[in-house]
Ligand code: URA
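One chain comes next, on its own, written as structure tokens: the form predicted alone.
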């Protein structure tokens, strides 16, 4: 087995829940309207969040039910969500519904259509990244350039525990991120076939940002 294949097996988590499969099919369909697309993004992102945060640390607390005292649990680990602007914003509402105590940062990176290289233009992050579980949100993991650049920036600012969540990923993007950041787990709903010459994922679902915000 090649080194890359071993890395992928270890760090790429493909979410195969039936409800995720159903919603991804709706998102792929070109007949899905913008309103429907946004609603399904909200729903599927909540399902993704459950899997991403399955291993969060908790602490025991004392609570009182209407009948007696008992033990309960609270999330002990800080969580920071960092959507890559602008498509990553589509994930925020669903993630926050699941983990409302999370703090939110933003990274603005776009892909140059000619060079396919990432260009950053905006960054705003919460403090204490080093103590938090940081989840980078980007629906499309295509070339991996923007994701790798965003992860590098998060590390530069002190983040140590980083993962990434996406809807679909291309093998090229997974490889690029895992070579640059071999300890970062990637959660995705599907590993698609490949990129086309323009850097779009095939079969993909088009430009997620355009479909979310109606700018096609």
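Numbering follows the first chain given and starts at 1. The model shown is predicted, which means the values in this text are computed figures rather than measured ones.
Below: the form predicted together with uracil (URA), not depicted.
In summary, among the residues 142, 129, 135, 102, the only one with a non-hydrogen atom within 4.5 Å of uracil (URA) in the predicted complex is 142. When contacts are judged by a 4.5 Å heavy atom cut-off, residue 208 counts as touching uracil (URA) in the predicted complex. Along 19-43, a non-hydrogen atom within 4.5 Å of uracil (URA) in the predicted complex is carried by no residue at all.
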